[in-house]
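Single chain ahead, written as structure tokens, the form predicted on its own.
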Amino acid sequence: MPRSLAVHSLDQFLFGRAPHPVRCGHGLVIGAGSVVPEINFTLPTIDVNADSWAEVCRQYGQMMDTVLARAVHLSVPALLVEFETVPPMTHNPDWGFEITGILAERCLRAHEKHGIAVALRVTPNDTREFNRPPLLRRGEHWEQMLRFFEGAGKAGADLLAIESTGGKEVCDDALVNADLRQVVFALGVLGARDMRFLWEHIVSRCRAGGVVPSGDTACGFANTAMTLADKGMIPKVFAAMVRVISVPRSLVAYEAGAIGPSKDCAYEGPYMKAIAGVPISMEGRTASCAHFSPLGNIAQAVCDCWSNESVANVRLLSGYAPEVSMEQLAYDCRLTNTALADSDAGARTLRDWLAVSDAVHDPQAYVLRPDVVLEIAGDLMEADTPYERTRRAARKTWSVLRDAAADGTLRLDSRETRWLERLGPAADALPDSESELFESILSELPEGSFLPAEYGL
């Protein structure tokens, strides 16, 4: 990947426009001048098994029908639909393929009847973590995932994504303990190595099956940190550093051949867009049906798809939750697209309002400010390897947060300020090389907590 950023200036860094747009599905183009709503829905509480399977299929068909009806009613011109499997559908790929077919058939019908540009993104689970410690390169779970990758296109998927979890077995405890060194090891060494292995397999199978290899997410890492910070269990400044530390790990997917759009729950997406030029999907205030965050507005600042994350098929006063989310996304995208159509200056003003409204209140939002993203991303790309970039991410993010707190563009309370002071020396003390960190950290981790061979170590 070239050292220079794909986005060269702040004026170019806008929602709805990416240096490398993606064409997919039935006439859908992402990142070519408009923001596309991405709708995601899931089952209400139900055991997915052979006995309930007919009801599961009915529910997915009903969800898709109501979503498309609302999209047509609101004159939505373009739509991305995401189907995230539940674990039984990845364990049994034929089940996942059947639901994919149900959704794909309705997408095609909507395109032919109503002219909606539409595509279906399918995201199987990373079930490798069901083994403890995880078996990442062998075993039944891995074989079933490979079968899913190979068959998704024939079943009707236009794009393929995943929320991969390599390194999570180390990162979970490191997050709870606010251990920066171990988080860097989990993401910059283990996670990055697994991403290379996994995404080379995904890309090759997508190309063979005519499917777009879209992207990954550090959801199991940085979003876990965000949730812990929201509960007051770890500092917000630490969670903000974890967010940027996840960037080199997620970038590996694009180095291996993924082309976007990134996953909606990958809040590191703006960094992917700045560095690799790929379109990105983001989620914010319209994702509160799935989780809370301090990023409700700023997440939209440079998005190309705008997502609700996921919502269960439950009845609300107005209608079922998926169609409610569809309406919310449609109106949000109308606003951004009206700004784009009006003028570049108008779009930049809306972008800046979205960013400024959140950035001052939380360090996790601050590191998503478009100007901050470009500054940090440029620094990361001065390094060559994922580990070196991860180490730079820790150091650069710390210095950016320190300066922002000092000049008042970021408000931190006394607890957060104390933690920020502690994290600087920890970032400076990170070893120069991946091998040095690996050798020194082995003695710190419980025996058997991870299997080095599963990471090529």
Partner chain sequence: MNQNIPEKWKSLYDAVLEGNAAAATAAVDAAIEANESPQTLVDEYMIPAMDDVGEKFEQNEYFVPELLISARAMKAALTKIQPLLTASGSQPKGRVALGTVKGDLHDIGKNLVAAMLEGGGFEVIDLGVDVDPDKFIDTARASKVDIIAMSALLTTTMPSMKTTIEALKAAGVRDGLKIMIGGAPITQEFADEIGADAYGDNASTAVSIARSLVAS
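Since the model is a prediction, treat every value here as computed from it, not as a measurement. Positions refer to the first chain, counted from 1.
The protein also exists as the form predicted in complex with its partner chain; that form is not presented, and the subsequent description refers to it.
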Notebook entry, point to check: Considering Asp371, Asp172, Glu140, Glu98, which brings a non-hydrogen atom within 4.5 Å of its partner chain in the predicted bound form?
Noted result: Asp172
Checklist line | Heavy atom within 4.5 Å of its partner chain in the predicted bound form - residue from Leu43, Ala404, Leu423, Leu412 | finding: Leu43
Margin query: With a cut-off of 4.5 Å between heavy atoms, is Pro124 one of the residues that contacts its partner chain in the predicted bound form?
Written below: no
Next item on the list: Flag Gln144 as yes or no: does it have a non-hydrogen atom within 4.5 angstroms of any non-hydrogen atom of its partner chain in the predicted bound form?
Entry: no
Next item on the list: Verify the contact flag for Thr385: yes if a non-hydrogen atom of it lies within 4.5 Å of a non-hydrogen atom of its partner chain in the predicted bound form, no if not.
Entry: no
Note to self: My question is simply whether Phe130 lines the interface with its partner chain in the predicted bound form - judged by any non-hydrogen atom within 4.5 Å.
What the structure shows: yes
Next item on the list: Report the stretch among 389-397, 415-423, 33-41, 63-71 that approaches its partner chain in the predicted bound form to within 4.5 Å, counting heavy atoms only.
Entry: 415-423
Notebook entry, point to check: in the predicted bound form, which residues of 234-263 put a heavy atom within 4.5 Å of its partner chain?
Noted result: Ile234, Pro235
